[in-house]
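The form predicted alone is given below as one chain in structure tokens.
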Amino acid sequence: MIFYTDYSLEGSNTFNIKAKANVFYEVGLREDLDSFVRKRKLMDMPRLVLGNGSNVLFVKKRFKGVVLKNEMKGIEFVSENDDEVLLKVASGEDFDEFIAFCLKKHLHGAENLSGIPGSVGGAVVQNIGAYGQELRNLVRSVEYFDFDDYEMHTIDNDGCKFGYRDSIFKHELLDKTFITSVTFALAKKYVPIVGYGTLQERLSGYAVLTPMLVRRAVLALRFEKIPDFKQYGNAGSFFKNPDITPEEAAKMAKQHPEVKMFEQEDGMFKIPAGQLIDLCGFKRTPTATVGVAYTNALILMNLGGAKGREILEYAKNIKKAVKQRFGVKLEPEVVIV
């Protein structure tokens, strides 16, 4: 294992927050985890598994524990039938690069998720989704190392307990595991998923849709909405889009007709959180170091030199304002460390 002490995390998070870790381990092999658990002093410290750092906010200047940086790489063919191919992907692989690999191999299903930053392991924890597709529709199984029994385990799709930007790794298995690989089922035959509003509009002029065309359209849409984190540090959507009941939706429509809502298959209504944040005026009220993106108020940005606690405080102000005006509670999508 390669490890460092007093390690700067500024280059390991897309908010570009200046923070340090007491200990920083690079985990590239399964054996590295065996070596780690034999170090009792480190095992007794707070622990954080870090992928590409695209969904975390470091609030304090120092993480007084050990950061396990996932550097596991590799894509392995498992099996295939007439309809699909199973690929076992190491959890440290960049997720967007994995999508590009799939398209080169004429394997389909993940193209709508193009451009989402992060690792394969992080994508599973978060159950990422965009433009009508969610990761859970592609996952066959997940392999992980358990820090309690020091053994490897494999759980199937149902065992992951996927939900909206949610999984078992955020609850029962929180801080207890290190995901090592994910097995995906990719389709051989292409079936476009283009029912999502803005994507459908972008592709409406094309008579024939291809996976690469959809990927390019998705990347273009993301480029238009999400600032480059190298210029303005951000983690994409900071909050989840809230769901409300039909009764709450009827009340919302009466009291706030300006709010757009979308009925879901389960009868609940989803509200774009960015819309609520915008209606509360946050596009016009940045601080010296923190603001929301003009293209999408759901994205909180480090405007330069922001501390993690400043971004968190700004997020709390947003939650308070949305709750007071609309009676809706926003939940963070970003992991607060």
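Note that the structure is a prediction, hence the values are computed from the model and not measured. In this text, residue numbers run from 1 along the sequence as written.
The following text describes the form predicted in complex with a small molecule, which does not appear among the structures shown.
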Practice problem: Given that the partner is absent here, state which listed stretch (245-253, 174-182, 231-239, 77-85) has heavy atoms within 4.5 Å of the small molecule in the model of the complex. | Solution: 231-239
Quiz prompt | Check all three, Arg165, Gly274 and Lys283, heavy atom within 4.5 Å of the small molecule in the model of the complex | solution = yes
Quiz item: Would Tyr131 sit within 4.5 Å of the small molecule in the model of the complex, counting heavy atoms only?
Solution: yes
Quiz item: Quick one: does Lys104 come within 4.5 Å of the small molecule in the model of the complex, counting heavy atoms only?
Solution: no
Quiz item: in the model of the complex, does Leu300 have a heavy atom within 4.5 Å of the small molecule?
Solution: no
Exercise. May I ask you to check whether Lys73 falls inside a 4.5 Å heavy atom distance of the small molecule in the model of the complex?
Key: no
Exercise. Report the residue, out of Arg140, Arg222, Lys161, His153, that has at least one non-hydrogen atom within 4.5 angstroms of the small molecule in the model of the complex.
Key: Arg222
